[in-house]
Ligand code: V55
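Here's a solo chain for you in structure tokens, the form predicted on its own.
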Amino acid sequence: MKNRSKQRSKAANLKAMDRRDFMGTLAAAAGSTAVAGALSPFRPSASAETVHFDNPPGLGGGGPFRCECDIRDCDVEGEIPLNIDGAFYRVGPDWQYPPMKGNIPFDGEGHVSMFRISGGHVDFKSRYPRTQRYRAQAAARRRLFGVYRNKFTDDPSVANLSRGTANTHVVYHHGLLFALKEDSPPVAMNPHTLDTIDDYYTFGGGLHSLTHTAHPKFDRATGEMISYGYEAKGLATDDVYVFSANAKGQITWTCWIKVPYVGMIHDFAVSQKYIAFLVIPMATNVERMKQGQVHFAWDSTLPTWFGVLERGGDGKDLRWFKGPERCATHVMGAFSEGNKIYVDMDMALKNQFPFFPNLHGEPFDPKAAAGTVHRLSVDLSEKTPRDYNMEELYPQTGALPRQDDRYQTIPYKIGFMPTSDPTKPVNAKLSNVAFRPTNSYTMFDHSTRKTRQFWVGDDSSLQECCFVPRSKEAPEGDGYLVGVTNRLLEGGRSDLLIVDTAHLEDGPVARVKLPFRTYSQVHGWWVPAEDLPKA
């Protein structure tokens, strides 16, 4: 609590900074011995740092976007169904200042955008969440934070500020839009204006973790948001804080658990009865951090551990089940039947992230990194199971699986995932690209184990999709997929695609055409207009 008070105090000081204070900070940041009054914004001193981006790492191979903008009435090709009324939010890393050498794409500042769709029209808006990190660097006019999740590489001036970038996921709950990064509490934003409301949101002081996942789950029946934070008591701690917040944002249940070893727990699973975690060998490595490396390294000697506890309990019933080395970071869906829990994830044999090093020097293996949808399960009525069951459901390779979010925590049958179909052609003009673009959205029906597919074409690459129900009470999976594509033959220019799930093979019913290449998202979220607060 003391650290959070310091963070809030520092953040308040930055927010209240007037012009004279700002210029003084700029002078100190630039390393100048001149007093603030001697510096002119039009005549920078000889020691001032010039902002220049020299091929910074970016998701999807693109450079920084860095533009906060509004477009009223976007260019629409086709016809947007009138039953689509709401907001599609997306977030991804976007460099504010040139990164430190050796950094990775996931450490860019969070950039949130909104496609507000209503009446067949689309308005676009994008804003950086004003995190403590963003505002400190904006005031200093330079980079102050080092490499990914490594406080040892930071400028000493930001020691008491939150390192959170709010760049991984964006969700909506109790009237607030949350921009999330798993190493810090949420950043709360206005869902209409994208203005930052709180740069260190603690649910009214009820959050007792220094971290918060990028992947909370939502119980449609109760309105609850179920969430957690790992390394919850600080760097490399084996503590996980699990909690639930009611529809008003009040935390009503908490428990603390321990993990077998400290590593990435990017996502988790929640059913009506159980909560499950998969700990993968992407291990926190403090010694490497002190040498200037990023937070994680893949340790192929470690097993995976699948942990299950009862939802709403004290956590003392937690049981861990051992499995082989695997990489799995995102949950498609989860449910329980009696004493059994089932969790569907995209899973690969080895490290799926080429920018996270392999601890023992193995080269990155793209084939072993290819993920397919697996179902993990365990029967809690058995008193002596030592491992969990693991079944591959489909052969399609991809990542970032999603579901009809109305079915989180309950039995479901429909899932979606961006996939790469090797049978589809790549445009001859792209023959020199080093990767096969993610070219399809695949729809999975677990009740029949059959799939259907939308192919974007031979000249484009797809980002994550979100599902939009055709109506509030539409059957599961009956609606639209929305997602951004990059037109690779048009300099990577971005379109928002809207695809009818009843006619996937027919292609988009509408394209919302942006006049530029926007930043690549990590995750996105759909909010129906009826759920948004009054403007």
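These numbers were taken from a predicted model, which means no experiment stands behind them. The first residue of the sequence shown is number 1, and the count goes up from there.
The form predicted together with the ligand exists for this protein as well; it is not shown, and the discussion that follows is about that form.
J.: Which of these residues, W253, F353, F152, W320, gets a heavy atom within 4.5 Å of the ligand in the model of the complex?
T.: Contact residue from the list: F353.
J.: By the heavy atom within 4.5 Å rule, which residue out of Y89, F178, Y148, F306 makes contact with the ligand in the model of the complex?
T.: Comparing distances to the ligand in the model of the complex, the residue within 4.5 Å is Y148.
J.: Name the stretch: of 241-249, 178-186, 203-211, 374-382, exactly one has residues whose heavy atoms fall within 4.5 Å of the ligand in the model of the complex.
T.: One stretch meets the cut-off, namely 178-186.
J.: Classify M264 as contacting or not contacting the ligand in the model of the complex by the rule of any non-hydrogen atom within 4.5 angstroms, answering yes or no.
T.: Heavy-atom contact with the ligand at 4.5 Å: present for M264.
J.: Can you tell me if T168 lies within 4.5 angstroms of the ligand in the model of the complex, counting non-hydrogen atoms only?
T.: Yes, T168 lies within 4.5 Å of the ligand in the model of the complex.
J.: Find out whether any non-hydrogen atom of F115 is located within 4.5 angstroms of the ligand in the model of the complex, and reply yes or no.
T.: Contact check for F115: no, nothing within 4.5 Å of the ligand in the model of the complex.
J.: Hey, in the model of the complex, does H446 get a heavy atom within 4.5 angstroms of the ligand?
T.: Result no; H446 lies far from the ligand in the model of the complex.
J.: Between the ligand and F106, H330 and V522, in the model of the complex, does every residue show a non-hydrogen atom at 4.5 Å or closer?
T.: Every listed residue reaches the ligand in the model of the complex, so yes.
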